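Before any questions on binding or motion, here is one chain by itself as structure tokens, the form predicted on its own.
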């Protein structure tokens, strides 16, 4: 067996190959840094604009609406409670179809825009119809 100082592998080529692989694998991340799409503009219905207040304030609803809907679902289905009292003391019927969609009846322009932007596929619509009032 001859004593080959380079061995079976060329160390420099292996290192160069690894560096090239890492650069190519990371390229899509580097290429898209700072290029996120602008957040979608939410279009409110006339009824939502006229109501001025939602179940909670706009910032809370933007960030926490799914958690609120989960609490509502559990309260209605498991505990039989139907009334939600917000921090201002105002009562609301805990109903996605009749409370939320009463003001936000255009699912495509209100719900779908943000959900598509954030790549979220909520399962709400598996059971709830898009627009119970038929508007």
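Numbering follows the first chain given and starts at 1. Since this is a predicted model, take the numbers as computed values, not measurements.
Beyond the structure shown, there is the form predicted in complex with heme C, which is absent from this document and is the topic of what follows.
Not displayed here, heme C is approached by residue 118 to within 4.5 Å at the level of heavy atoms in the predicted complex.
At least one heavy atom of residue 114 is located within 4.5 Å of heme C in the predicted complex. Contact annotation: residue 20 falls outside 4.5 Å of heme C in the predicted complex, judged by heavy atom distances. Contact check for residue 127: a heavy atom falls within 4.5 Å of heme C in the predicted complex. When you look in the predicted complex, the only residue of 61, 26, 39, 85 with a non-hydrogen atom within 4.5 Å of heme C is 61. Applying a 4.5 Å heavy atom cutoff to heme C in the predicted complex picks out 51, 52, 53, 54, 55, 58, 61, 62, 65, 66, 68, 69 from 50-69, in order along the sequence.
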